[in-house]
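Here we start with a single chain on its own, the form predicted on its own, put down as structure tokens.
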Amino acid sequence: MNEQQRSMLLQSASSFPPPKGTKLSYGTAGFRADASILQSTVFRIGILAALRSLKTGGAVIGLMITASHNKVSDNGVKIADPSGGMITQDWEPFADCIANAPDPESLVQLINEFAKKENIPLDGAKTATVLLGRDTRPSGESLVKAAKQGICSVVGAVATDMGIITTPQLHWMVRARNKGLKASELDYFEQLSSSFRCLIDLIPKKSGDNNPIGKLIVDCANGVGGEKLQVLKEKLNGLHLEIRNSGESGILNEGVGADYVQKEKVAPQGFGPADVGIRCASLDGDADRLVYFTVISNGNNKINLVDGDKILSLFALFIKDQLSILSDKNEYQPRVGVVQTAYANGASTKYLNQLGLEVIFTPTGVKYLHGKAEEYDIGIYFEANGHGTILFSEHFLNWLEGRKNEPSSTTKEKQNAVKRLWAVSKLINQAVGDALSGLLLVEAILQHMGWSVDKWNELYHDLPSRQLKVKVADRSAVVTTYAETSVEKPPGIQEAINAITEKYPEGRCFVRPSGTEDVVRVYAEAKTQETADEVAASVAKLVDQFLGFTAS
């Protein structure tokens, strides 16, 4: 690090002292906290983003200011790598270190040591590019300014502010820029809308039950998704769409949004008896999660939830159907992998297995799911909370491209299957889970199948489940294995859990330490809600007995 670089960093850092008595850590979703204490952290992560661009040879890096489904007073920051995915886990410890450095001198020393270790040039000989985005939170504007100052305190780094956008849009732009493709917000809307129209145009004249699927009402969580969905709506003719909770009057994520609907299993604010039987969907605050639901007629705001597991199952079924049309034993057979976490409902896993699909489990967290999905020609992942996507390997896309150009002797049915899969690869956001692209794909598939939301929801019936928390002094005392489905430490507890679950028909239970707070999470399933509650309560007591914790 030369003297000019050192001076720039010291001068900038002195304007952003870290909050006293606060230690932050970079989790699955980056840093999140009350917005009032984040300026220093966001400034420093701006520096990290510039360093990451230099490390990757000047590739475009993304920095997103958002706290997703958290309350409006919170905010956060996370980094998108050149692929458009989350930043490599190898850099997370460095993020923690610089976020918590006590003063400018310590910060500069950490940066200098890390740059030497990683061979990152800090002499201005190379340029760095960082795209910035933020959601609609009032605190976003000042935090973007802090991020810009962090980025620009690295010699040769340039910050480009993309304004108010969804988190998936930023990830999409980063991926597109690094592939040398058009990457503006307008390009994003055009790619999604044209791919959707292609899928609609390829619907067979007689398909499924041929039920008119009718209107879709979308709860936009009073977040950024409302404005962006309105743009898409104006570009699409094949979709009868009504937008609610667009942020004009309600409060971000308060009684609205995908996280609220999925966890509480009730309709969001602004929905009621007049909506009974109509297909509804919810986005979260930054539009990277999506769930569907229908309002139940017996009142009390109850709903039939169609969660991420059902979305995954719909996507997997459609892709399997298209591949079966193309199937030729003498040809290349794409390897399809469906990736879930232990929180996936057991009924969904059983359904996917019955389809003949390979189901793989990973620990909880998008970075694990996405990484595993990348190992397949087609990797499909979704969490029950509604975050997920489909990944297509370059090898598979090249194969599809070749099939598109086959002689006209190929049957029309096979040509259409190739075109559908190609359109899916363009419609779905392969960088990250995207509620807008996911919603359009769901709608296209339902129209293709001729299915109502109720028919979709009948693919399988969820097993009743219950989640509990057990307070702990140190969550690291619990160590899990086999994608968090089995407890390794303390010894003996897994055998005791097994003894409990074996007593109940279709009983299943796992415990795992939280990634964000000092609690152990308990998840249980069984044939009835009563027995699922019993399993969860019994295992929570067991954890308390083994570890001396207090259940809550």
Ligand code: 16G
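Computed from a prediction, not measured in an experiment: that's the story for all the values here. From 1 onward, residues are counted along the sequence shown. Here, rigid core means the biggest group of C-alpha atoms that superpose within 1.5 Å across both forms.
Keep in mind the form predicted in complex with this ligand is missing from the figure; the text below concerns it.
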property	result
Gly255, Pro82, Pro334, Gly365 - the one with a heavy atom within 4.5 Å of this ligand in the model of the complex	Gly365
The single option of Ser246, Gln322, Asn385, Thr129 touching this ligand in the model of the complex, heavy atom within 4.5 Å	Asn385
Candidate stretches 265-273, 410-418, 287-295, 156-164 - the one whose heavy atoms come within 4.5 Å of this ligand in the model of the complex	287-295
Any non-hydrogen atom of Ala29 within 4.5 angstroms of this ligand in the model of the complex	yes
Partner contact for Ser36 in the model of the complex: this ligand, 4.5 angstroms, heavy atom	no
Proximity of Arg508 to this ligand in the model of the complex, heavy atoms at 4.5 Å	no
Any non-hydrogen atom of Gly515 within 4.5 angstroms of this ligand in the model of the complex	yes
Sequence-ordered list of residues in 520-535 near this ligand in the model of the complex, where near means a heavy atom within 4.5 Å	Arg521
Post core alignment: Phe510 C-alpha displaced by 2 Å or more between this form and the one not shown	yes
Val42 C-alpha relocation of at least 2 Å between this form and the one not shown, rigid core basis	no
Core-aligned C-alpha movement of Val522 between this form and the one not shown, 2 Å or more	yes
